[in-house]
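Given next, in structure tokens, is a single chain: the form predicted on its own.
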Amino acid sequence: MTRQKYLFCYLMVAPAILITLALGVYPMIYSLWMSFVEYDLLRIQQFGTPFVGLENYAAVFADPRFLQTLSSTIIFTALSVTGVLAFGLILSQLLNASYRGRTAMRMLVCVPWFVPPAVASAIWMWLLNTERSPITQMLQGMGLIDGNIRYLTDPTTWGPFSIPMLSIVAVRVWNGLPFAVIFLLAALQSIPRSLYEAAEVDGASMLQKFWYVTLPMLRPMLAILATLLIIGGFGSFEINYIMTGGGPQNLTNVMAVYSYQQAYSFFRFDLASTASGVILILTGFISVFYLRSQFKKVA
């Protein structure tokens, strides 16, 4: 009976495992193999796909555009993850309080989750249009600015930061906020009420209750969210590609867009796979670091 039970379980998960192997694991392994061979579509008929070892990695890291893209990816990920977690903490606290209209507020916060990234990018491209942006009109109406702001095209930089990068980060935070809020709201509702009552007996203020009760209890969820958001940030593609295509002057380019451009603009699938391999290494490092910390807690 037990053997039949296990067989039934294996049969139930088999389709999901096969799809994952076919659409996830096999393309990933094939892409890694392409990063160690020359795979230039313009030369493949004449020269084939000879093994070149680490030459593709050396070529990619010798490319100043890739190094700028790598730096932009790290900055984009750090800013967007920080923004999503910070605003997620604030909003989840507000949505966890008891007041009339709370259900409607929860639904409104989840709206960005229902909007596909391509549609959200098109909406934000209109909102951030240089000539017709309603945000600019509102700021001008309040007397805060005089001229137009080139949200997506201004090449001016302040160190690693620029207006286009901050605009893309803002859209990413808006798009990722519902994901964080739902997880944090569920974690908040699992905190025992008795902990807050004990803190109130000790005379703790609202800020002290958040710092000494809420934040420590949310730490495991925050670690999971940070890990998932960092991995998603390193692999981010749609918003950056649709809104700016990596421009202006490569300021908003991220590694996934760089990989796409190498493959479909320059037909260098070997360099595209190499850039994807770097993303895999970075996300793999983050995953191993998180799993190791979890295993230490269990032990």
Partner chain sequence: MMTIAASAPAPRARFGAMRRLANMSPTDLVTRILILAVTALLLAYILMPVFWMVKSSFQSSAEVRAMPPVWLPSEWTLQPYFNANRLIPLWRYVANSMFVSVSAAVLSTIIACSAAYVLARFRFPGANIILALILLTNLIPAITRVFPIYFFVQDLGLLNSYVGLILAYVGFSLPFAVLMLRGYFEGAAPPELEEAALIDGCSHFGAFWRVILPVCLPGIAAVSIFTFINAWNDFMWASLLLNQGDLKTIQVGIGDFASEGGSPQYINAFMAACVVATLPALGVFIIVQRWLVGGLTAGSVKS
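If you're wondering where the values come from, they're calculated on a predicted model, not measured in any experiment. Positions refer to the first chain, counted from 1.
There is another form of this protein, the form predicted together with its partner chain, and it is not shown here; the text below is about that form.
- The shortest heavy atom separation between residue 273 and its partner chain in the predicted bound form is within 4.5 Å.
- In the predicted bound form, its partner chain stays beyond 4.5 Å of every heavy atom belonging to residue 162.
- For residue 238, a non-hydrogen atom is located within 4.5 Å of its partner chain in the predicted bound form, even though that partner is not displayed.
- With a 4.5 Å cutoff on heavy atoms, residue 231 counts as touching its partner chain in the predicted bound form.
- Out of the listed residues 110, 215, 198, 223, 110 is the one that sits within 4.5 Å of its partner chain in the predicted bound form by at least one heavy atom.
- In the predicted bound form, 196, 205, 206, 207 are the residues of 195-210 with at least one heavy atom within 4.5 Å of its partner chain, listed from first to last.
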